[in-house]
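We begin with a single chain expressed as structure tokens, specifically the form predicted alone.
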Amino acid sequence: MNPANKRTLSIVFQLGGLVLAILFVTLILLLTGANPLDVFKNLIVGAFGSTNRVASILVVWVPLTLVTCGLLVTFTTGLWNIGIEGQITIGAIFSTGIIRIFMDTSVSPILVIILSVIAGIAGGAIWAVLVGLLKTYGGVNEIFGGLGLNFIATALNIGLIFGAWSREGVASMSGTQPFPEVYWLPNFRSYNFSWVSIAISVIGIVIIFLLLTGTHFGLRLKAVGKGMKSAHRLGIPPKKHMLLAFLICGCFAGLTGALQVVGVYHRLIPSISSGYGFLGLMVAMLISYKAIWIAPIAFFFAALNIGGIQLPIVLQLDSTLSGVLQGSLVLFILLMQGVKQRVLGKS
């Protein structure tokens, strides 16, 4: 089969996966007695019905984009960095800690923000490298090691919010004391997202795209992901590159946590990771680990998240229905990719 026909067939299979996902969700809606057209309409209205809702999509798009950038590196190396949720949390903790240290000093607020973001990156990197060390030298599968460190990060976060960093005389799940506005990233007009965060996310996409497609280091990561024994025979040390992959992914996760602190919540909250790490896993799988698709697919998933908020308000349906659509979309597109590989393999 010539390359043009292969590309056409590939697009047909991807569209087939999308259609199957929509049909699957439609069937679920019909079984629950809901009108599928009303649901899909409200998803669109809930996401794009006003400028504030579009701004909310961008608030979700930033962390989702950054974690997906990091996850592409570990996926390329054949690693499942499930511990990314904990790495986001630790990044947020480190970032908050720096602001608390310098908040009542004469240090420039801009410098404090920069230091807090750097601290967040460092925190995420440290937590990710711990998973890598457990994997490479302890023989602990990265899934189990990551999940264990997720629990520790969550416990540490809750402990600080209700313990050492708690509001004086207040026991609240809303988080620590909000920072003064001088320690916030500048918002775009009156919306709750920062143009700085958007710029950082775009730069992150460019870095990962160039890293994975235009460098020898990216080729080495791919070689390790294809087979550690083969990579070792080619003179590529697998353990070193696996640790570096975790380090890079942890940097992006820690950056995500820091931006959540200084750009969105302006304090440390219990659910600071907001599940973006796990959602990023789905985005990375859906784009087949191709960095060029990070921005649009992350935007689509963010729109589903925001649009789903409309469902319980208007139709009395659970907002997690958008998550069902996201999960089924990934499932059926991956399924169709498997079918495509069998068809192309036989052609």
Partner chain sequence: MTGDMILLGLAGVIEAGAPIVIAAIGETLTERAGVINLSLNGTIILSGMVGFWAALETGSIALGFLAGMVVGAFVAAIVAFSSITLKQSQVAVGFVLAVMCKDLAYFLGNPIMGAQAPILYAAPVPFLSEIPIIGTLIFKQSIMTYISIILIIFAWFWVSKTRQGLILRGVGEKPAAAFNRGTNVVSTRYLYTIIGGALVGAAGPFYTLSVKAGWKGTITGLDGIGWIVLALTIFGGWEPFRVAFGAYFFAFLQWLGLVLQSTLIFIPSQVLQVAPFPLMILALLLVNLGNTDWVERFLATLPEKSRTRVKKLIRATRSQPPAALGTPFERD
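From a predicted model like this one, the values you see are computed outputs, not experimental measurements. Residue numbers count along the first chain shown, from 1.
Another form exists, predicted in complex with the partner chain; not displayed. Remarks below refer to it.
- V140 is the sole member of A199, V140, M103, I110 with a non-hydrogen atom lying within 4.5 angstroms of the partner chain in the predicted complex.
- Proximity to the partner chain in the predicted complex, taken as heavy atoms within 4.5 Å, picks out 80-88 from the listed stretches 246-254, 94-102, 80-88, 115-123.
- Contact annotation for V62: none of its heavy atoms lies within 4.5 Å of the partner chain in the predicted complex.
- Although the partner is absent here, V12 is not a contact residue: none of its heavy atoms lies within 4.5 angstroms of the partner chain in the predicted complex.
- Residue contact check for L331: one or more of its heavy atoms lie within 4.5 Å of the partner chain in the predicted complex.
- In the predicted complex, none of the heavy atoms of L185 sits within 4.5 Å of a heavy atom of the partner chain.
- The partner is not shown here, but in the predicted complex the stretch 126-151 reaches within 4.5 angstroms of the partner chain through a heavy atom at L134, Y137, G138, G139, V140, I143, F144, G145, L147, G148, L149, F151.
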